[in-house]
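Next comes just one chain, in structure tokens: the form predicted on its own.
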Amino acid sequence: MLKLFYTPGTCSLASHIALEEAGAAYEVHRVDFSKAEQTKPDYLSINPKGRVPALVTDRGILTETPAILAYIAQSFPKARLAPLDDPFEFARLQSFVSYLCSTVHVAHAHARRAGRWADDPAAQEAMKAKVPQNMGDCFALIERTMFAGPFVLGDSYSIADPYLFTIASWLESDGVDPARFPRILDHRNRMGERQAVAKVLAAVQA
């Protein structure tokens, strides 16, 4: 059985939702950041990066959200969570997911983990102050040029949707008014009504 290591409020939510949407048999293990469990030997033996998510499979352990999402989509093709039969559309999906991972998530992280990039307190504060603008710019680009609607790729739901939902849920805490992006806000609201999403949210908030 698949085992997902997660922490509430993190990007691991996207993989959790994708597993539920896929109808996968899985179990979850919470990593408590408040107790720094991600830095302890037990968890580092699973993911030496000390981050979530991590997915334990019968062939080994996967990390990084884009890789885990692609694995889920390819492992459960009947769920139709990715355009697996269309190389261009699959690449377009990966382009979107990669942007969330490499750019948007990093912009968000500057508010909470500026120490990763600078030791100078003044530099860290400058990074934090820039987060609302950077996150707003990222979502403006998504709203304007990358989001097809009603789902990320258009009419078909995919692994990109729980990932966008997850990161869009951080907007308020990053000082960004989601009403600036009506299409993304509508997507976030509709995602919250999906049975799989509601089930996962109830589980991680319990």
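Just count from 1 along the sequence shown to find any residue number. Computed from a predicted structure; not experimentally measured.
Here the subject shifts to the form predicted in complex with a small molecule, a form of this protein not shown in this document.
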(message) Would you classify residue 113 as touching the small molecule in the predicted bound form, given a 4.5 Å non-hydrogen atom cut-off?
(response) yes
(request) Tell me, yes or no, whether residue 11 is in contact with the small molecule in the predicted bound form, where a contact means a heavy atom of each within 4.5 Å. (result) yes
(request) Verify the contact flag for residue 73: yes if a non-hydrogen atom of it lies within 4.5 Å of a non-hydrogen atom of the small molecule in the predicted bound form, no if not. (result) no
(message) Considering non-hydrogen atoms and a 4.5 Å limit, does the small molecule approach residue 53 in the predicted bound form?
(response) yes
(message) Given a 4.5 Å cut-off on heavy atoms, tell me which of 62 to 70, 137 to 145, 152 to 160, 171 to 179 is the interface stretch with the small molecule in the predicted bound form.
(response) 62 to 70
(message) For a quick test of understanding: in the predicted bound form, does each of 33, 38 and 105 have a heavy atom within 4.5 Å of the small molecule?
(response) yes
